[in-house]
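Just the one chain here, the form predicted alone, laid out as structure tokens.
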């Protein structure tokens, strides 16, 4: 039996490892992205049924945060095409909208967990389906990366709920500047488990 990490795609093959997945300790973590054991899924697990969402009913005005995230992603895309001046202009716009974010009504861990669950259960699956139906490979990649990043955020939130500040004791927090993957450890991974960029693309998050 093979089990796949839902964050980075690492495969645990019982035949190769010689230990049944069920016999691994409860604190087992993915060796690549540190996702916990319960984020692994059996390779032949059935695909989850998607909640039906029509485009018309899901239309809404973008918030400043959504605009900032979109512009920031466009800036990175332009940078990859070596259009540095246009990339800087796009990032300047993103920074403007980031600087005008309204204060959150509820910034609790529970509220954030609820938003992450909604992304994983509804939003990203429907974006993926829509992209597949329209043969949009770029958006499919965004949905795949977004799902993996949201999964690791969910894992980190669960860990923080249980251990509090001890979860970060003696560790640093790194964020991939390309896909947003979050890594907690002594140093950034050699390669991003999600988008495979090198460690120098990671930025350390400093405490204020």
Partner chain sequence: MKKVAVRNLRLCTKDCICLYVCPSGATDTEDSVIDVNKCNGCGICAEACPSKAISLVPLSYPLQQAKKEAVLKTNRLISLSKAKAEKMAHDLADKCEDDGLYCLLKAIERSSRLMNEDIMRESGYMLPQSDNAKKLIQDIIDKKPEGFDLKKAQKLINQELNND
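Computed from a predicted structure; not experimentally measured. Between two forms, the rigid core is the largest collection of C-alphas that superpose within 1.5 Å. Residue numbers count along the first chain shown, from 1.
Heads up, the form predicted in complex with the partner chain isn't pictured, but that's what we're talking about next.
Residue 205 belongs to the set of residues with a heavy atom inside 4.5 Å of the partner chain in the predicted complex. Shown alone here, residue 156 lies within 4.5 Å of the partner chain in the predicted complex, counting heavy atoms only. For the chain shown alone, residue 176 is a contact residue for the partner chain in the predicted complex, at least one non-hydrogen atom being within 4.5 angstroms. Among residues of the shown chain, residue 168 is one whose heavy atoms approach the partner chain to within 4.5 Å in the predicted complex. For the partner-free chain shown, 141, 142, 145, 146, 149, 150, 153, 156 of 140-156 come within 4.5 angstroms of the partner chain in the predicted complex, judged by any non-hydrogen atom. Taking the rigid core as fixed, one finds a CA shift for residue 99 of 2 Å or more between this form and the one not shown. After superposing the rigid core, the C-alpha of residue 74 moves by 2 Å or more between this form and the one not shown. When the rigid core is held fixed, the Cα atom of residue 83 travels 2 angstroms or more between this form and the one not shown.
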